[in-house]
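First, one chain by itself: the form predicted on its own, in structure tokens.
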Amino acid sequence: MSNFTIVIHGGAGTILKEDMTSELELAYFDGLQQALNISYAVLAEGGTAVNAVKAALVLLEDNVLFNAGRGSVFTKKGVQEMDAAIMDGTDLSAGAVAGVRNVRNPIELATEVMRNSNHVFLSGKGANDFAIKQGVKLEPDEFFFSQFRYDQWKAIRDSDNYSLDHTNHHLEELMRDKKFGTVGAVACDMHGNLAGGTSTGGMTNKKYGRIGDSPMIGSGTYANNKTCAISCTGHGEMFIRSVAAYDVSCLMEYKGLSLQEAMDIVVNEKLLKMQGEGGMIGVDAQGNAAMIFNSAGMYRGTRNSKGINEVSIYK
């Protein structure tokens, strides 16, 4: 029986202690800890890595603090378009959805795609049609609304600017007290099987049906029992161009690097060279965890069967 581990993130970016109220900080710690607890319980009861990842992400999607599911950011058109992916390291099966609307938990839909569709990646209306066929829970637009996200969008909707919700390029004042983002989870279960998943509302004011790295297998999400499970967060375009998640796996498989070494090279060398701001979480088949980012902060946490339980926000 192997050491079992869950690792989660709630986005990376310009997250500074001086911009945070103590109430908000507590709310983040609480949200992350709850997600760790529910997914750890799945693993402790002998559940699969896939089910643990899904449990963590459903909780984070339902938490209005994070840019995924409820509380997702507004697009240029003033709606929420959400992306998610999940991957099973045991057989490399994967499911992903992009540009879905009104789906309460996009990670549930991605899991249905993986298990019941014979496909890997569904988008837009087709993905929504599949959600209805599979009985995945839908919610009205109001369910996804948050005043802060609306104000954030209103500030830039008449411009061509877009915003990563956790950076403050165009939104210095508005972003002062709230920065948060994409959610992700990776797990190693007691049988040594790995899984990873990521869910996001993308970029505020995004146009043309823009899709980031989160739902892309190999870029924002990857899992392979031979190496690792990875979930990324940050400036998606750079993570796509560098195939970031799979690159970690490759460095481990072909160069024999440890999880920590491989993630460090990708995040602090390769991505930095491209001005790719953000980070990633990872776990290997021995249950070793790593959480690495090149931004000012990353909402993150890990819990394992050796008694480690930690939640952090800043560097």
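Quantities reported herein were computed from a predicted structural model and do not represent experimental measurements. Residue numbers run from 1 along the displayed sequence.
Omitted here: the form predicted in complex with a small molecule. The next part is about that form.
Novice: Look up in the predicted complex whether Lys76 has a non-hydrogen atom within 4.5 angstroms of the small molecule, and give yes or no.
Specialist: No - in the predicted complex, heavy atoms of Lys76 and the small molecule never come within 4.5 Å of each other.
Novice: Would Arg210 count as a contact of the small molecule in the predicted complex, using a 4.5 angstroms cut-off between non-hydrogen atoms?
Specialist: Yes - in the predicted complex, heavy atoms of Arg210 and the small molecule come within 4.5 Å of each other.
Novice: Whether Ser214 contacts the small molecule in the predicted complex should be assessed with a 4.5 Å heavy atom distance threshold; does it?
Specialist: Yes, contact at 4.5 Å.
Novice: Please check if Thr200 has a heavy atom lying within 4.5 Å of any heavy atom of the small molecule in the predicted complex.
Specialist: Although the small molecule is absent here, Thr200 would touch it in the predicted complex, with heavy atoms inside 4.5 Å.
Novice: Have a look at 89-97, 125-133, 181-189, 145-153 and name the one stretch with heavy atoms inside 4.5 Å of the small molecule in the predicted complex.
Specialist: Looking at the partner contacts, the answer comes out as 181-189.
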